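So this first bit is one chain, no partners, the form predicted alone, shown in structure tokens.
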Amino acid sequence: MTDKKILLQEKDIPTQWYNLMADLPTPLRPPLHPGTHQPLTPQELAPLFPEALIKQEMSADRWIDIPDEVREVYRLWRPSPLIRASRLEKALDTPAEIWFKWEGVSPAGSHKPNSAVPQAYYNAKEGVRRLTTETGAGQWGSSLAFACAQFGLKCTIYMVRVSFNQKPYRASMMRTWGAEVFASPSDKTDSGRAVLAEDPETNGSLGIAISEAVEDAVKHADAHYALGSVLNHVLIHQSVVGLEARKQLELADRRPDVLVGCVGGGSNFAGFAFPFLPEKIRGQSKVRLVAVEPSACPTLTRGRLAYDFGDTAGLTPLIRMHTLGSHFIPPGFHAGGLRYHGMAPMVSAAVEQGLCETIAVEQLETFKAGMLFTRTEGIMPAPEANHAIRGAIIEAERCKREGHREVIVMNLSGHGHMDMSAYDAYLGGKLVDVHYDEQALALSLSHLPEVK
């Protein structure tokens, strides 16, 4: 089949999620209680998550059934298309084929509702009345606001201050779906007030916003916390992306040579790429998985693999992951969804076990890639997704040098319609590469918890 757009039908929406935990050659080390450093029990997670999500978080089952109520909401935009970027190929003069899985067709404009919807469903089913969360660029916050509206839940969102200022219409989108939104750090929580007392002009970070959302949830009996990346159950939900992509590539009679995705906390990369890993683990495939992160927040390429907190205040469990230290505050670049100090344990394990490759790229080169994609393929990507495009272009240029006709597939995780200030800055020559402070990174890593 040579079609440039591979579409599936509603009946092809996956009925089960895939869980890499069943196939990892070396199992993950368990999350630890932040006080005792002992393996976390399901009961200790109950103040934050409903029972169904706790079971998924700790599950080693390969397949987990998707509730009919979740699939019904998925039908609003799933299955998403797989499209061949033939005009981009021509512009690059590459012998490679470039395909992209287009997740910007969701109501919120990104892949994030794939997990927001089941999280809202399971909480509503358990009688929870309100969800709290953090958000960086606003993709997750808008997705959870949408999902809560589908199941009659209230929603409180702490949005990292630099992104709150850069992307005001993301907050407007969340409010339109009924959520309340606060710039983080805020004066609404003890952890937020403590950060503001130390640095009133801080840009904020996802670690700080997580602290606020967790504190809010545990202090109110009718509330739970929802996380948009990092944790196992989130990556499991996102596997609908890769499962659909596998079926679409089979229909196109293509076997991928390279899979590319951007990484911040790891959810969209894992959801897209992990369903292709079982064959690689069994030696039946040589597909390469390439995770692309920002040089300004290089969690995989410069971080340390260690137990660390997921938040700045130390309220969350300790998880073993690649981390820049929970006190690290990245500079304020426009891909706010990638400004997280840690990486999903399953992604960290896949990198540690040689299943995935990692590269870090600068802000300007990602926007240059995004502009080329917009002008050739007509879709304006989010700044986060521009990292995946840059990674795919790097691979396509390698194929040109080597004369290889490979199949490169990337996950285009969201649109940039709410990111026009970033594109304006780029077009006006005002966007610059930003770099983290080496001394600040060293100091942050020096505060890693001592875990035996």
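Every value quoted in this text rests on a predicted model; they were computed, and no experiment measured them. One-based numbering along the sequence shown.
Another form exists, predicted in complex with a further copy of the same chain; not displayed. Remarks below refer to it.
Are Pro39, Asp187 and Ser446 jointly within 4.5 Å of a further copy of the same chain in the predicted complex, each by at least one heavy atom?
Result no, not one residue of the spot touches a further copy of the same chain.
Would you mind picking out the stretch of 25-33, 400-408, 56-64, 418-426 that comes within 4.5 angstroms of a further copy of the same chain in the predicted complex, counting non-hydrogen atoms?
That would be 418-426.
So which of Thr376, Ser285, Thr301, Thr202 reaches within 4.5 angstroms of a further copy of the same chain in the predicted complex, heavy atom to heavy atom?
Flagged contact: Thr376.
Only one of Lys154, Arg175, Lys368, His220 has a non-hydrogen atom within 4.5 angstroms of a further copy of the same chain in the predicted complex; which is it?
Exactly one residue meets the criterion: Arg175.
Verify the contact flag for Arg87: yes if a non-hydrogen atom of it lies within 4.5 Å of a non-hydrogen atom of a further copy of the same chain in the predicted complex, no if not.
It does: once a further copy of the same chain is placed as it appears in the predicted complex, Arg87 has a heavy atom within 4.5 Å of it.
Heavy atoms within 4.5 Å of a further copy of the same chain in the predicted complex: does Met380 have any?
Met380 belongs to the contact set for a further copy of the same chain.
Taking a further copy of the same chain as it sits in the predicted complex, is Glu72 in contact with it (heavy atom to heavy atom, 4.5 Å or less)?
Yes - in the predicted complex, heavy atoms of Glu72 and a further copy of the same chain come within 4.5 Å of each other.
Counting only non-hydrogen atoms and a 4.5 angstroms cut-off, does Ile281 reach a further copy of the same chain in the predicted complex?
So Ile281 does not count as contacting a further copy of the same chain.
Which residues within 4-19 place at least one heavy atom within 4.5 Å of a further copy of the same chain in the predicted complex?
Contacts from 4-19: Lys4, Lys5, Leu7, Leu8, Gln9, Glu10.
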